[in-house]
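One chain is shown next in structure tokens, namely the form predicted alone.
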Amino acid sequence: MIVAIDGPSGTGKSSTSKAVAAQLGLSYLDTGAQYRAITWWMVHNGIDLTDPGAIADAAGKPGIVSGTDPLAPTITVDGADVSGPIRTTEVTSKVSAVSAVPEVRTRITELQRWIAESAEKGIVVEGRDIGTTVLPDADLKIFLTASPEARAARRSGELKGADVKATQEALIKRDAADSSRKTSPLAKADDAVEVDTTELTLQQVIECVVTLVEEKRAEK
């Protein structure tokens, strides 16, 4: 059972995906963390992020390993735990530029497909192009949405003390960058189930997705 959950930032993707995977005994993969990890490595190693050629040349160098336990997901680069460093404002502001480079997407997409295919009990994979590009044959595709205001409020709550208006502007800017990139843009797959989380609590979103997965399992 492969479940693809896509959508922009602040829609509850990560919290929902982890909870659903844990509840249903599935593995879990945060693909965004992988793009953040490769971005962190490039920042850390002084790669010129205004030069797509330099980014492309470095794309194959870092060793990225994702732990898929939904209760304790991990991400390491060259053996070092980067789960904290990849969430900094610096990495967040640069991840769209790095992830837009085709060589980066090819490298990370191959890694994601390998992880999904290796998951013996099935997996919930969350990201922005899972249902459209990475795993187009996923058993179930879900696209989470929410209003910009709701997303900014949630993300500001995660980033303690963050300015909601500034957060909303940053989210809209990143959406525009991710939706307009030539390689694997953020988009809803034609056969995805759209779930608007604006008015829903996290628990309601989780229950909705669990129900969708169980219905799909019953069909198999």
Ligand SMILES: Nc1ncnc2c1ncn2[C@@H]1O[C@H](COP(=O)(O)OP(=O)(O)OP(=O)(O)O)[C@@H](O)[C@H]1O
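Source: prediction; values computed, not measured. The first residue of the sequence shown is number 1, and the count goes up from there.
Omitted from view is the form predicted together with this ligand, to which the following refers.
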Site for this ligand on the shown form, pose borrowed in the predicted complex via C-alpha superposition, classified at 2.4 angstroms from backbone or C-beta (3+ atoms blocks) as open
In the predicted complex, does residue 128 have a heavy atom within 4.5 Å of this ligand? yes
Q.
Using a 4.5 angstroms cut-off on non-hydrogen atoms, would residue 205 count as touching this ligand in the predicted complex?
A. yes
Quiz prompt | residue 23 within 4.5 Å of this ligand in the predicted complex, heavy atoms | solution = no
How about residue 201: is it within 4.5 Å of this ligand in the predicted complex, going by heavy atoms?
yes
Of the residues spanning 1-30, the ones with some heavy atom within 4.5 Å of this ligand in the predicted complex are 8, 9, 10, 11, 12, 13, 14, 15
